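Single chain ahead, written as structure tokens, the form predicted on its own.
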């Protein structure tokens, strides 16, 4: 019995794996995976920044409310959040919302809660002496946060943000549940068409995911070394 792997199916559908049906149809595959992750990361950064700042607010009710939101979202499975957004958003906006944007919304909401912890840790990592010195010069708490604390904290957060992007690339694979044609969904479609090469197909996308995640992980490590070096100068 022949057991050798046959990757000709991968070569036959190679462009489909990477760009979907583009330019004759919508973008899919690797291109859509990176698009979902990149757009979600931008929105998650903004959401995490807001939630992180609220979580260190001197206003106790605001701080408690933000922490309640953060912990509630962190306690939910991402798959549940995707289902909620997939059914809730079209109902709220009268339908017609692309499935990819419901996934982006879910990823943004879910990841913002984790980003907020990165922001909070970054802010708390700045020595209190700097805050006290800034306040003693006449700066308000808000000015101190914007001009002294955040610039330093955000710089320290960059490697963590890149690591979060790596996690988000893997999280986009759950988008196939609602029919979004990212890489995992493309692999399922090709497998359903051929019905003969599941090992080759899913081994190939495992390698593609590994390459993407490894590349951004190495970028994170390089940024950490770069930032450590710049601090030492």
Partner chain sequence: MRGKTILLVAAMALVGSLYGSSMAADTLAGVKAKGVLVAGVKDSLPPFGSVDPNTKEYVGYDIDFIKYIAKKLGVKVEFKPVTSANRMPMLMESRVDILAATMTKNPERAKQIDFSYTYFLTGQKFLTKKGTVKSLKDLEGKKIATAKGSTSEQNVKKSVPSATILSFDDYPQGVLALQQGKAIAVTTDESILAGQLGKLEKNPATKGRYEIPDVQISEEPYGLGMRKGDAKFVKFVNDAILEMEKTGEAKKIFERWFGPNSDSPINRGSFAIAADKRGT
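Residue numbers count along the first chain shown, from 1. No experiment lies behind these values; they were computed from the predicted model shown.
Keep in mind that the form predicted together with the partner chain is not shown, yet the notes after this line are about it.
The stretch from 117-125, 81-89, 132-140, 154-162 that comes within 4.5 Å of the partner chain in the predicted bound form, counting heavy atoms only, is 81-89. The shortest heavy atom separation between residue 176 and the partner chain in the predicted bound form is within 4.5 Å. Heavy atoms of residue 97 reach within 4.5 Å of the partner chain in the predicted bound form, making it an interface residue. Although the partner is absent here, residue 196 is a contact residue: one of its heavy atoms lies within 4.5 angstroms of the partner chain in the predicted bound form.
A residue is said to contact a partner when one of its heavy atoms sits within 4.5 Å of a partner heavy atom; residue 102 meets this definition for the partner chain in the predicted bound form. Contact residues in stretch 184-222 (any heavy atom within 4.5 Å of the partner chain, taken in the predicted bound form) are 185, 188, 189, 191, 192, 193, 195, 196, 198.
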